[in-house]
Each structure stands twice: as C-alpha cells, then as structure tokens.
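What follows is a single chain, given as structure tokens, in the form predicted on its own.
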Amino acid sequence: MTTLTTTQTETKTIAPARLNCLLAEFENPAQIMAAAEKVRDAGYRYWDCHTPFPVHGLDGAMGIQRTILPVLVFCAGAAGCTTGLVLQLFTNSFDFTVWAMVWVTGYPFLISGKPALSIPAFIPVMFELTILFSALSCVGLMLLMNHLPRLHNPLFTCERFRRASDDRFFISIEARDPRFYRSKTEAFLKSLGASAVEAVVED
C-alpha cells in the first residue's frame, strides 16, 4: 500500500518597499549652496541638506527660519519663577486652605516682626525653579521639535550616504512632500548638477 503525501507550499506575499526620499549627491559646498536655494524656491517643504562640516550660509539658502524654542524656554522660566513666588507666598504668608489632591493649609511664618512678604528672602527658590523649568523645557522641547529620539533613519541604509561624514554633500527630498513626484523630482535634482540621484526606500 502506497501512501502519497501532498505537501502544500505556502506563498508569502512580500510587500513592495516604500519610497522614503530621493538623495542627490554634490561634490563641493558651492554646488550644494546653489542647489539648496533652487530647492527652496521650488517650494519643497520636507527636505534637508547633509554636509560633512558646517557650511556658512546654508541655513539662509535653505530658508530656515529662527526657532521659537528660546521664546518657549523663556515662558517656562517665567512660569518657574512665578511658581516659586506663589509657593513661598502661600506657605509663609497666608493661612487659607486649598485643594491640591489633599487639603493644604498655609502657615504665616512671623518671626521678630519680619514681613510676611519678603521678596529678597524668596529669591533663591525663585531662581532655582526658574533654572529648573527652563532647563527641562529646553531639553524636552528640543527633542519634541526635532522628532527625537529616532533610533534609525532609512538614509543609513544607503551606501553612498556614508560619504556625508567624509567628503560629499547631499540633499534629500522626502516622498511625503506635497510637491514630490518621483520622476519630476528626480529630473529636477539632476538639473541642479547632482553627480548622482538615488532612491532611498524604507527598510
């Protein structure tokens, strides 16, 4: 008696790689400066320049505006200063009760006829809370605004991009940009004088 065993082969569908950006390579700072100005004037929004060293004036060529981070940090510092003042006023100068998860009652701290509201005595705590709020908000907002931490970037899979820390200059235009059309954007980058244009896909 012969037993025939039929083995069924499962076919797995591999999803096509999703395009992340187009990467254009340039050979010197003058080329990337001129190219950045043209990319800016073309109206692209999601793009960046990658250079092995700081290129003076590149931020202006890219049209990068001044960050709002200093204003936000100043507001956080002012909030810290106000918090320190209010905290000390309540705990040392008033005797009313407030609800802060539990009932908390202030206690007037009167010694030798000293004033209950004494700004010079409150300065150390106000100063420390100003620094604390400013430092924490600066680090937190910087990470948030830069979309960090980001442990991986598809550009790291590109062999050509390794020279971005050595002797080559790159411009990357992301596929999510509203003006991005692969064929047109690729032709546009080549017209800027790029020595090579490469598609970078999500890994």
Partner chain sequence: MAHDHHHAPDLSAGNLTGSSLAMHARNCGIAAAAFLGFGAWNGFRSGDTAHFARTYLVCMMFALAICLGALFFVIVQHLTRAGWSVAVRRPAEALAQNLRWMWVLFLPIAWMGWTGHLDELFPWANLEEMAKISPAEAQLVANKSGFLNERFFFVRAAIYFVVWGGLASFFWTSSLRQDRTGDPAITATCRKWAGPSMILFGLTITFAAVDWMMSLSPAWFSTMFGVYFFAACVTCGYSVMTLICLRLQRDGQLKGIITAEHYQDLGKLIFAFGVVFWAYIAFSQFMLIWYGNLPEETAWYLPRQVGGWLWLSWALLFGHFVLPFVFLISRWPKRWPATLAAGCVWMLVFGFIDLYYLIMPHVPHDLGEFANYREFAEKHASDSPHLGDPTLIFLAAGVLALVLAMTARSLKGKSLLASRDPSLGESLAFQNM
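Positions refer to the first chain, counted from 1. Computed from a predicted structure; not experimentally measured.
The same protein has a further form, the form predicted together with the partner chain, not shown here; the description that follows concerns it.
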Next on the checklist: Does any part of P178 reach within 4.5 Å of the partner chain in the model of the complex? Heavy atoms only, please.
Outcome noted: no
Item to check | 4.5 Å heavy atom contact, E37 to the partner chain in the model of the complex | outcome: yes
Item to check | Contact of A78 with the partner chain in the model of the complex (heavy atom, 4.5 Å) | outcome: no
Checklist entry - Using 4.5 Å between non-hydrogen atoms, is A116 touching the partner chain in the model of the complex? => result no
Checklist entry - Between the options L110, V86, I123, V98, which residue brings a heavy atom to within 4.5 Å of the partner chain in the model of the complex? => result I123
Next on the checklist: Within 4.5 Å of the partner chain in the model of the complex, counting any non-hydrogen atom, which residues from 138-169 show up?
Outcome noted: none
